[in-house]
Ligand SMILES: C[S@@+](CC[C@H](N)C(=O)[O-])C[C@H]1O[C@@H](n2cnc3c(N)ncnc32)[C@H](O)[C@@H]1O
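What follows is a single chain, given as C-alpha coordinates, in the form predicted alone.
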(Lines give C-alpha, C1' and ligand atoms only; values in the text may rest on other atoms or scores of the structure.)
Protein backbone atom coordinates (compact mmCIF):
# COMPACT_ATOMS: atom_id res chain seq x y z
CA UNK A 1 0.00 0.00 0.00
CA UNK A 2 1.29 3.48 -0.86
CA UNK A 3 2.29 5.11 2.43
CA UNK A 4 1.28 8.53 1.10
CA UNK A 5 -2.27 7.38 0.43
CA UNK A 6 -4.78 9.63 2.18
CA UNK A 7 -6.61 7.48 4.76
CA UNK A 8 -9.59 9.85 4.55
CA UNK A 9 -10.64 8.08 1.35
CA UNK A 10 -10.62 4.76 3.18
CA UNK A 11 -12.59 5.97 6.20
CA UNK A 12 -16.31 5.41 6.78
CA UNK A 13 -16.73 9.16 7.20
CA UNK A 14 -15.68 9.86 3.62
CA UNK A 15 -18.56 7.70 2.42
CA UNK A 16 -20.99 9.30 4.87
CA UNK A 17 -20.11 12.82 3.69
CA UNK A 18 -20.52 11.88 0.04
CA UNK A 19 -23.38 9.40 0.40
CA UNK A 20 -25.78 11.66 -1.49
CA UNK A 21 -23.74 11.79 -4.67
CA UNK A 22 -26.05 11.60 -7.64
CA UNK A 23 -26.05 7.99 -8.83
CA UNK A 24 -28.72 8.78 -11.41
CA UNK A 25 -26.45 11.45 -12.89
CA UNK A 26 -23.57 8.95 -12.96
CA UNK A 27 -25.73 6.42 -14.79
CA UNK A 28 -26.84 8.96 -17.43
CA UNK A 29 -23.26 10.20 -17.88
CA UNK A 30 -21.90 6.68 -18.42
CA UNK A 31 -24.54 5.92 -21.06
CA UNK A 32 -23.79 9.15 -22.94
CA UNK A 33 -20.04 8.68 -22.65
CA UNK A 34 -20.00 5.08 -23.90
CA UNK A 35 -22.39 5.98 -26.71
CA UNK A 36 -19.97 8.72 -27.78
CA UNK A 37 -17.01 6.33 -27.62
CA UNK A 38 -19.10 3.85 -29.64
CA UNK A 39 -17.93 0.70 -27.86
CA UNK A 40 -18.52 -2.77 -29.19
CA UNK A 41 -20.35 -5.12 -26.83
CA UNK A 42 -18.07 -7.05 -24.45
CA UNK A 43 -15.27 -4.50 -24.72
CA UNK A 44 -12.68 -4.67 -21.96
CA UNK A 45 -12.94 -1.60 -19.72
CA UNK A 46 -10.66 -0.46 -16.88
CA UNK A 47 -12.21 1.88 -14.31
CA UNK A 48 -9.07 3.34 -12.71
CA UNK A 49 -9.90 4.92 -9.37
CA UNK A 50 -13.31 3.27 -9.20
CA UNK A 51 -14.18 4.06 -5.57
CA UNK A 52 -17.15 1.93 -4.50
CA UNK A 53 -17.74 0.94 -8.12
CA UNK A 54 -20.82 2.97 -9.09
CA UNK A 55 -19.53 3.66 -12.61
CA UNK A 56 -18.12 0.16 -13.08
CA UNK A 57 -21.46 -1.41 -12.18
CA UNK A 58 -23.30 0.67 -14.78
CA UNK A 59 -20.69 -0.05 -17.45
CA UNK A 60 -21.00 -3.82 -16.91
CA UNK A 61 -24.79 -3.56 -17.18
CA UNK A 62 -24.30 -2.07 -20.65
CA UNK A 63 -22.62 -5.29 -21.78
CA UNK A 64 -18.91 -4.87 -21.13
CA UNK A 65 -16.14 -6.69 -19.28
CA UNK A 66 -15.11 -4.37 -16.47
CA UNK A 67 -12.22 -4.26 -14.02
CA UNK A 68 -12.44 -1.63 -11.28
CA UNK A 69 -9.34 -0.71 -9.27
CA UNK A 70 -8.81 1.63 -6.33
CA UNK A 71 -6.40 2.06 -3.41
CA UNK A 72 -9.21 2.19 -0.86
CA UNK A 73 -9.55 -1.27 0.67
CA UNK A 74 -12.93 -0.41 2.19
CA UNK A 75 -14.28 0.86 -1.13
CA UNK A 76 -13.17 -2.29 -2.93
CA UNK A 77 -14.58 -4.47 -0.15
CA UNK A 78 -17.96 -2.80 -0.73
CA UNK A 79 -17.69 -2.99 -4.54
CA UNK A 80 -16.89 -6.70 -4.46
CA UNK A 81 -20.48 -7.36 -3.36
CA UNK A 82 -21.47 -6.59 -6.94
CA UNK A 83 -18.89 -8.77 -8.69
CA UNK A 84 -19.89 -11.28 -11.35
CA UNK A 85 -18.16 -13.07 -14.22
CA UNK A 86 -17.95 -9.79 -16.19
CA UNK A 87 -17.22 -7.42 -13.29
CA UNK A 88 -14.16 -7.62 -11.05
CA UNK A 89 -12.68 -5.29 -8.42
CA UNK A 90 -9.25 -5.17 -6.83
CA UNK A 91 -7.13 -2.98 -4.59
CA UNK A 92 -4.49 -1.48 -6.86
CA UNK A 93 -2.38 1.66 -7.31
CA UNK A 94 -3.35 3.21 -10.65
CA UNK A 95 0.20 4.52 -11.12
CA UNK A 96 1.25 0.89 -11.64
CA UNK A 97 -0.03 -0.75 -14.86
CA UNK A 98 -1.89 -4.03 -14.71
CA UNK A 99 -0.54 -6.89 -16.81
CA UNK A 100 -3.30 -6.62 -19.37
CA UNK A 101 -4.57 -4.22 -22.03
CA UNK A 102 -8.04 -2.73 -22.30
CA UNK A 103 -10.17 -1.28 -25.07
CA UNK A 104 -11.08 1.63 -22.81
CA UNK A 105 -9.46 3.12 -19.72
CA UNK A 106 -11.53 5.49 -17.57
CA UNK A 107 -10.45 7.81 -14.77
CA UNK A 108 -13.66 9.45 -13.55
CA UNK A 109 -14.96 11.89 -10.96
CA UNK A 110 -11.65 13.66 -10.23
CA UNK A 111 -9.63 10.54 -9.43
CA UNK A 112 -6.46 12.23 -10.70
CA UNK A 113 -4.02 14.75 -9.27
CA UNK A 114 -3.86 13.66 -5.61
CA UNK A 115 -0.07 13.31 -5.45
CA UNK A 116 2.92 15.42 -6.46
CA UNK A 117 2.83 16.46 -10.12
CA UNK A 118 5.56 14.00 -11.11
CA UNK A 119 3.13 11.30 -10.04
CA UNK A 120 0.49 12.70 -12.41
CA UNK A 121 2.64 11.81 -15.40
CA UNK A 122 3.43 8.39 -13.92
CA UNK A 123 -0.31 7.70 -13.66
CA UNK A 124 -0.94 8.89 -17.21
CA UNK A 125 1.85 6.64 -18.53
CA UNK A 126 0.35 3.75 -16.56
CA UNK A 127 -3.05 4.36 -18.16
CA UNK A 128 -1.30 4.39 -21.54
CA UNK A 129 0.31 1.00 -20.88
CA UNK A 130 -3.08 -0.46 -20.02
CA UNK A 131 -4.59 0.74 -23.32
CA UNK A 132 -4.57 -1.27 -26.52
CA UNK A 133 -3.28 0.45 -29.65
CA UNK A 134 -6.02 2.83 -30.85
CA UNK A 135 -7.81 2.29 -27.52
CA UNK A 136 -9.77 5.14 -25.95
CA UNK A 137 -9.20 6.80 -22.60
CA UNK A 138 -11.16 9.32 -20.55
CA UNK A 139 -10.05 11.59 -17.72
CA UNK A 140 -12.91 13.38 -15.96
CA UNK A 141 -11.44 16.23 -13.91
CA UNK A 142 -12.65 19.46 -12.32
CA UNK A 143 -12.34 22.72 -14.28
CA UNK A 144 -9.94 24.71 -12.14
CA UNK A 145 -11.10 28.06 -13.59
CA UNK A 146 -14.69 27.61 -12.40
CA UNK A 147 -13.57 26.06 -9.09
CA UNK A 148 -11.62 29.25 -8.36
CA UNK A 149 -14.52 31.42 -9.47
CA UNK A 150 -17.18 29.60 -7.42
CA UNK A 151 -15.17 28.57 -4.36
CA UNK A 152 -17.22 28.24 -1.16
CA UNK A 153 -14.63 28.91 1.55
CA UNK A 154 -16.73 27.78 4.53
CA UNK A 155 -19.60 25.32 4.70
CA UNK A 156 -21.32 23.12 7.27
CA UNK A 157 -23.38 20.06 6.35
CA UNK A 158 -25.17 17.62 8.65
CA UNK A 159 -25.43 14.00 7.52
CA UNK A 160 -26.38 11.05 9.75
CA UNK A 161 -26.27 13.41 12.78
CA UNK A 162 -22.65 14.33 12.02
CA UNK A 163 -21.86 18.01 11.53
CA UNK A 164 -19.13 18.31 8.93
CA UNK A 165 -17.32 21.65 8.91
CA UNK A 166 -15.67 22.20 5.56
CA UNK A 167 -13.02 24.78 4.69
CA UNK A 168 -11.73 25.26 1.16
CA UNK A 169 -8.75 27.18 -0.15
CA UNK A 170 -6.69 27.34 -3.32
CA UNK A 171 -3.00 28.04 -3.66
CA UNK A 172 -0.79 27.93 -6.73
CA UNK A 173 -0.46 24.15 -6.67
CA UNK A 174 -3.53 22.71 -4.94
CA UNK A 175 -7.21 22.90 -4.17
CA UNK A 176 -7.41 22.04 -0.47
CA UNK A 177 -10.47 20.92 1.45
CA UNK A 178 -10.29 20.54 5.23
CA UNK A 179 -13.06 18.45 6.84
CA UNK A 180 -13.55 18.48 10.61
CA UNK A 181 -16.24 16.95 12.82
CA UNK A 182 -16.90 15.32 16.16
CA UNK A 183 -18.18 11.77 16.55
CA UNK A 184 -18.83 10.25 19.98
CA UNK A 185 -16.79 13.00 21.66
CA UNK A 186 -13.78 12.41 19.45
CA UNK A 187 -12.60 15.22 17.15
CA UNK A 188 -11.59 14.28 13.63
CA UNK A 189 -9.84 16.30 10.96
CA UNK A 190 -9.09 15.18 7.43
CA UNK A 191 -7.81 16.87 4.31
CA UNK A 192 -8.33 16.44 0.60
CA UNK A 193 -5.86 18.06 -1.77
CA UNK A 194 -5.96 17.91 -5.56
CA UNK A 195 -3.58 19.55 -8.02
CA UNK A 196 -4.72 22.75 -9.74
CA UNK A 197 -4.46 21.28 -13.22
CA UNK A 198 -5.70 23.28 -16.19
CA UNK A 199 -6.24 22.07 -19.74
CA UNK A 200 -2.79 23.46 -20.60
CA UNK A 201 -1.24 21.37 -17.81
CA UNK A 202 -2.88 18.23 -19.17
CA UNK A 203 -1.73 19.09 -22.69
CA UNK A 204 1.84 19.31 -21.39
CA UNK A 205 1.47 15.89 -19.74
CA UNK A 206 0.10 14.34 -22.92
CA UNK A 207 3.10 15.56 -24.92
CA UNK A 208 5.21 13.16 -22.84
CA UNK A 209 3.06 10.16 -23.75
CA UNK A 210 1.91 8.24 -26.79
CA UNK A 211 -1.61 9.51 -26.21
CA UNK A 212 -3.50 12.06 -28.29
CA UNK A 213 -6.35 14.25 -27.05
CA UNK A 214 -9.23 13.92 -29.53
CA UNK A 215 -12.15 15.62 -27.78
CA UNK A 216 -12.85 17.76 -24.72
CA UNK A 217 -16.23 18.12 -22.99
CA UNK A 218 -17.23 20.55 -20.25
CA UNK A 219 -19.94 18.70 -18.34
CA UNK A 220 -21.70 15.36 -17.86
CA UNK A 221 -24.14 16.18 -20.67
CA UNK A 222 -21.08 16.21 -22.98
CA UNK A 223 -21.43 19.85 -23.92
CA UNK A 224 -18.52 21.80 -25.36
CA UNK A 225 -15.74 22.75 -22.94
CA UNK A 226 -15.73 26.48 -22.18
CA UNK A 227 -12.80 27.31 -19.93
CA UNK A 228 -14.46 30.19 -18.05
CA UNK A 229 -17.81 28.45 -17.63
CA UNK A 230 -17.76 24.64 -17.74
CA UNK A 231 -17.98 22.75 -14.42
CA UNK A 232 -15.87 19.81 -15.65
CA UNK A 233 -12.85 19.10 -17.84
CA UNK A 234 -13.54 15.77 -19.56
CA UNK A 235 -10.68 14.70 -21.82
CA UNK A 236 -11.16 11.95 -24.43
CA UNK A 237 -7.92 10.54 -25.82
CA UNK A 238 -6.58 7.76 -28.01
CA UNK A 239 -3.47 5.65 -27.83
CA UNK A 240 -1.51 6.10 -31.02
CA UNK A 241 -0.95 2.89 -32.93
CA UNK A 242 2.53 1.46 -32.51
CA UNK A 243 4.21 -1.33 -34.42
CA UNK A 244 5.67 -4.14 -32.34
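Numbering follows the first chain given and starts at 1. Just so we're clear, the structure is a prediction, and the values are computed from it rather than from any experiment.
Below: the form predicted in complex with the ligand, not depicted.
**Student:** Would you classify residue 108 as touching the ligand in the predicted bound form, given a 4.5 Å non-hydrogen atom cut-off?
**Tutor:** Residue 108 belongs to the contact set for the ligand.
**Student:** Residue 122 near the ligand in the predicted bound form, any heavy atom under 4.5 Å?
**Tutor:** Flag for residue 122 set to no.
**Student:** With the partner left out of view, is residue 141 within 4.5 angstroms of the ligand in the predicted bound form by any non-hydrogen atom?
**Tutor:** Heavy-atom contact with the ligand at 4.5 Å: absent for residue 141.
**Student:** Can you tell me whether residue 101 touches the ligand? I mean in the predicted bound form, with a 4.5 angstroms heavy atom cut-off.
**Tutor:** Heavy-atom contact with the ligand at 4.5 Å: absent for residue 101.
**Student:** Judged by heavy atoms and a 4.5 Å cut-off, are 44, 89 and 129 together in contact with the ligand in the predicted bound form?
**Tutor:** No, because 44, 89 and 129 lack any heavy atom that approaches the ligand to within 4.5 Å in the predicted bound form.
**Student:** Tell me, please, which stretch of 50-58, 35-43, 173-181, 207-215 lies within 4.5 angstroms of the ligand in the predicted bound form when heavy atoms are compared?
**Tutor:** That would be 50-58.
**Student:** Using a 4.5 Å cut-off on any heavy atom, which residues of 54-87 would contact the ligand in the predicted bound form?
**Tutor:** Heavy-atom contacts to the ligand in the predicted bound form: 54, 55, 70, 71, 72.
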